[in-house]
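Coming up are structure 1 and structure 2: the same protein chain in two forms, each one given alone as structure tokens.
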Structure 1
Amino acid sequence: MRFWPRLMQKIAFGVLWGSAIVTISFLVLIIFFILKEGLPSVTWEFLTTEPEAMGREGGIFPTIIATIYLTVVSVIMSAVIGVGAAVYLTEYTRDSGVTKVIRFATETLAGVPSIIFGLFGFAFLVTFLQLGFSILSGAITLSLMLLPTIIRTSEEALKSVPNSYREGSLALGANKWTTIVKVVLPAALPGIITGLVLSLGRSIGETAAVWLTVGGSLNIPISIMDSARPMTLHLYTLAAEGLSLPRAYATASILIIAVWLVNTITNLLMARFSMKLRA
């Protein structure tokens, strides 16, 4: 009788390990293939010059600038609204019909396909509000896509802060807002940053919504009202239209390296911040 539970435990453990190994293997395979095909074409000239002949020649410098512009603006917009909504849901409300509606709307928003966001951005922002194909139109569209992730991760991070922190601050005479800003948010910051990093990665890698809102200009964007071509859209154009597969692989390699650098740097900074917070 004791043999059967142990056998089931070993089988379950083996299945879990196998699932993890398969997942990691696919990740390594994809990254290895892209870097193998793309890194030979990545040169300093490729990174610092403008595209020529619709991308068949030249580099990707304008697309790098456009990606940075679009990512930073969209994450700032979504972070302000998302963290604010999470603070409201966690600190200022109790479970009620209103909070249930907000959470349901957030979960529904998370399940909407990105092409639908792009169509909304094109119809409402580009056409109705006459913002045109611009970084601003794309950033607003992307910020709507990132809101569910930031709200949920920030809400869970705020809930993980012990109530004793709040009670201690209030007992010392601080009001509720001061307690949230000085005590709760710093304690929840690692979890909030995790949500922002996830959002950052998604905004860098998004294509469908960007395609319908940002445009495809290969010029270096000067302001957020300029049209631009982020690296994902440039990669799609190069591959889909058969302009240059080697440069498409090279652009994909830069995207992978960029996401890896952002995640690594953020994890290092948050580790140092957590150590200082504990000290």
Structure 2
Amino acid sequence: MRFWPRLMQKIAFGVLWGSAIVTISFLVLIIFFILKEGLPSVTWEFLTTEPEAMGREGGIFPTIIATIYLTVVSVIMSAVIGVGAAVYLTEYTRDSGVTKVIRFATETLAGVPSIIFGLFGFAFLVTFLQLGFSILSGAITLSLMLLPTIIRTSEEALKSVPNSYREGSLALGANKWTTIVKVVLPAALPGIITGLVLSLGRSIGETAAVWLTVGGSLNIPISIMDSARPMTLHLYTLAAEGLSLPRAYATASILIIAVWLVNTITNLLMARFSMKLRA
């Protein structure tokens, strides 16, 4: 073997290993730095009491409720629309002009920056429809943002259901809708749920779009028409206005843990899903 190519390979592989290590160390650095500073302040009291003095003192209870509220409402709305759209695209049509338009729209939605969603939500939902700064305005905006992911993952899950299932059900005399509800959807459910959990994470982490549509009230949101401040927005306010650095670290820690939890659940679901497919 010639000497130069071997040496070049050694150097190149060294660089590649190095780049992977650098990438991981970014992650480790970010996570450890924030958790190290933040976790000591994450106490039961911090999680369950209301903020005082604009967040300089007290806990973050209302922002946790706001995040959960927004996430649940937006994921439910987006799930109904997204799974419905995926069923239509996979079960009811072949590739046609209509599906091309729908697909193009979905791809466009996936690329639109969150601040544009925010502007839209502010102009259309908050102002034009007079929903005001509210959980509802925020959740509708978010559900549009989540739609592409949910449609894509649900479509893949539906496509992975073998055709023999549909044929078997239809041959037994079930009509199309019954077949979809009783046979196809249950078989595709693990894949669909994986997509939903994935968008759960995105919903928790979104800030800009929510900022322009939910307002920023620090009260506990009860009604869907209440303004609220989710954790992400609270973190921004705490950090950007320099209100309380320890509380900002603690809030960031909770966000990281939430995202890590969601990711772990997704991975577990995906592992189970692919095992089921192989069986």
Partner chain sequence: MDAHLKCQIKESIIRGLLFFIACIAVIGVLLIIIFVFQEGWPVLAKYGLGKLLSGTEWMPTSEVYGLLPLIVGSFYVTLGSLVLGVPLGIACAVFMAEIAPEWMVKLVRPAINLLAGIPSVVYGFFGLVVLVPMVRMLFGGIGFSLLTGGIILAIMILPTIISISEDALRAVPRDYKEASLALGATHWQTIYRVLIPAAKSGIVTAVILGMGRALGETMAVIMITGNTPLVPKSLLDPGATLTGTIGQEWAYAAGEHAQALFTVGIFLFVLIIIINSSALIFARKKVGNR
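The term rigid core refers to the maximal set of C-alpha atoms that superpose within 1.5 Å between the two forms. Residue numbering: structure 1 sequence, from 1. Since the structure is predicted, the reported quantities are computational estimates derived from the model, not experimental observations.
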Does structure 1 or structure 2 depict the form predicted together with its partner chain?
-> 2
Students should find the CA displacement of Leu261 between structure 1 and structure 2, rigid core aligned, in Å, to be 3.5
Core overlaid, Ile11 C-alpha shift between structure 1 and structure 2, how many Å?
-> 10.5
